[in-house]
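Take a look at this single chain in structure tokens; it is the form predicted on its own.
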């Protein structure tokens, strides 16, 4: 928890009420976002995202596996988050473990949809090589290096950038198989398939402080929140997932208003993130 004096708390709350936050932003304005791709050479794709003093890395590793019996036409995707103990004092010991689990579950809800895959921002059917027999398993790992609030939005942006940076080796069948035989495959060392990230949403977290809500809250602002709702929105304006934290309840009408605001904010965030990812990949190719 961030330790603030009574005066500091009133200053933060008063600024939000007047639409002038302590760092000069309006309630619905993000901090500058910076993206760097290809930061982990051993991964199939990786990216680093900085949002103010919040700094996170996401990496993607792809392995050939077998689809589950219940979803034979889909690959498997797993998202794990780790919070470095040096990122914030609260991450030391079990505090970091609990937050890592909370962030992992929230990202899965917002990016992978329900258990059936409905509403998924990442399409698992695109990972199938041979239906029922061979698929790609994606392991997406997030690491929090430095924390100054709004970790979920930053991690989602890093995952989107890492998947955009991901090249999956082309796979060809070595020979036809019959029955339950596991097919032999040839994995190319030269040809790679780029991951389609056009449907991957951004996450917009609206944090309620007093009677107002803000986007991209800092750690100090989060310490004053009553609740927060994170909404994943794709570039078509469709809601892919939603998760809430904080003990205070919210009236359904307020949640509907938050969804409307998140849709509006997501448009500018998507444009900015696409621009930063394109610039980062161009810079990586030059180097």
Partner chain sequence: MEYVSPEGLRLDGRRPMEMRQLRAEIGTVAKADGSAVFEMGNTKVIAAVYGPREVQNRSQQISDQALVRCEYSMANFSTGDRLRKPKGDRRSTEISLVIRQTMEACILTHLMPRSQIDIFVQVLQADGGTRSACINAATLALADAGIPMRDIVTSCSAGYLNSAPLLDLNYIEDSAGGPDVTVAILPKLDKVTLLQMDAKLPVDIFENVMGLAIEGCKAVSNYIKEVLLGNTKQLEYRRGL
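Positions refer to the first chain, counted from 1. Just so it is clear, the model here is predicted, and its values are computed rather than measured.
Same protein, other form: the form predicted in complex with the partner chain, not shown, and the subject of what follows.
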**Asked** Is the partner chain in the predicted complex near all of 86, 92 and 143, within 4.5 Å of a heavy atom of each?
**Response** yes
**Message:** I need the one stretch from 161 to 169, 183 to 191, 133 to 141, 198 to 206 whose residues put non-hydrogen atoms within 4.5 angstroms of the partner chain in the predicted complex.
**Reply:** 133 to 141
**Asked** Can you check whether residue 57 is within 4.5 Å of the partner chain in the predicted complex, heavy atom basis?
**Response** yes
**4.5 Å heavy atom contact, residue 227 to the partner chain in the predicted complex** = no
**Prompt:** Is the gap between residue 220 and the partner chain in the predicted complex 4.5 Å or less for some heavy atom pair?
**Reply:** yes
**Message:** Given that the partner chain is not shown alongside this chain, does residue 150 nevertheless sit within 4.5 Å of it in the predicted complex, heavy atom to heavy atom?
**Reply:** no
**Request:** Just give me the residues of 63 to 80, first to last, that have a heavy atom within 4.5 Å of the partner chain in the predicted complex.
**Result:** 63, 80
